[in-house]
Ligand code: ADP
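Encoded as structure tokens, the following chain is the form predicted alone, with no partner shown.
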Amino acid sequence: MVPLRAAVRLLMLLACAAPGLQAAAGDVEEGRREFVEPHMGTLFRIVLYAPPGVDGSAAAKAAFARVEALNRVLSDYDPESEAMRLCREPAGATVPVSTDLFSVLTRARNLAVASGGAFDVTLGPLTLLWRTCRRSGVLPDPVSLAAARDASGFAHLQLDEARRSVRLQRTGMRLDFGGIAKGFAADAALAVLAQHGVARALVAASGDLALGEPPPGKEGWTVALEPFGPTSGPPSTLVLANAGVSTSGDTEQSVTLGGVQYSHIVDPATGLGLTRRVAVTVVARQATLTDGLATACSVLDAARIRALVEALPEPAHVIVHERRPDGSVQCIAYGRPPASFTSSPP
């Protein structure tokens, strides 16, 4: 069992234990290799089964190199990333960008429109302000909050597909790909593994998984969901392949300010962290969508989640766990699973 630390604990029940954990006798499977490297502020883990004659180590090395290249494009911690250089351009300037940056921005804007801004990569000024407040333990003052909200909003992001260019129309706009970059990178790494002849593979980036073909002799990869940690009771499991799965919530990334517990996820309606105790798991064809959709559904209420999922052009399954004031946990599922499900979702 390999734990993935995220807002919701997401546990991969693999055929053998991870390094450092005790494996049961006979658990080690022939051809299974595991690789771990730090990228994007977390650990990226690759589990693969390389066919005879294919160098699994070389494939993993190439996949990690792709993740690192994407970090140089999307990071908001690196002032010299392509995204941060774009944000320093004058407001309204037309800026040609790379294929990767334009692709992520296009997918992000599509989800922002569909979710009514519940997911929005232009909330960078708000997420930066909230990041500072979480460190200092002090809520933002009204002036700073108003300024950050004024510089945010996907309506001020203009994309020109013909020119592959971007315009940020407000002064002080800042992009934050924290809700989509890891999913996009996991998908990209999985694609690199396939290009190197490794189809049976899994890429894990904190709470985001990109799953390829299942391990030999298996129907799929088994994923156990443990919302709110061990106190939630026995985990439920999903078995799936050729899919993405993401979790979002505040189980391990919350802060208490003024007696109120806030999530690291910013609510666009208030500019502050969410105060609902919610854990969202999403399954779809790719982790790029599940990553952003998990964030959006953490913000939305039940009616809007249902409307969003039903309007998507592809199948997606959303599982929302919400802790009630009395400590009980309510679970509601929305949407329909992709064809890659081999077991019934909860």
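Just so you know, these numbers come straight off a predicted model, no measurement behind them. Quick note: we count residues from 1 along the sequence shown, nothing fancier.
This next part talks about the form predicted in complex with the ligand, which is not shown.
Within 4.5 Å of some heavy atom of the ligand in the predicted bound form lies at least one heavy atom of H264. In the predicted bound form, none of the heavy atoms of S75 sits within 4.5 Å of a heavy atom of the ligand.
In the predicted bound form, at least one heavy atom of D176 sits within 4.5 Å of a heavy atom of the ligand.
Taking non-hydrogen atoms only, A118 approaches the ligand to within 4.5 angstroms in the predicted bound form. Residues within 4.5 angstroms of the ligand in the predicted bound form, judged by any non-hydrogen atom, belong to 120-128 and to none of the other stretches in 86-94, 184-192, 148-156, 120-128. Within 4.5 angstroms of the ligand in the predicted bound form, the stretch 261-300 places a non-hydrogen atom from each of H264, I265, V266, P268, D291, T295, V299, taken in sequence order.
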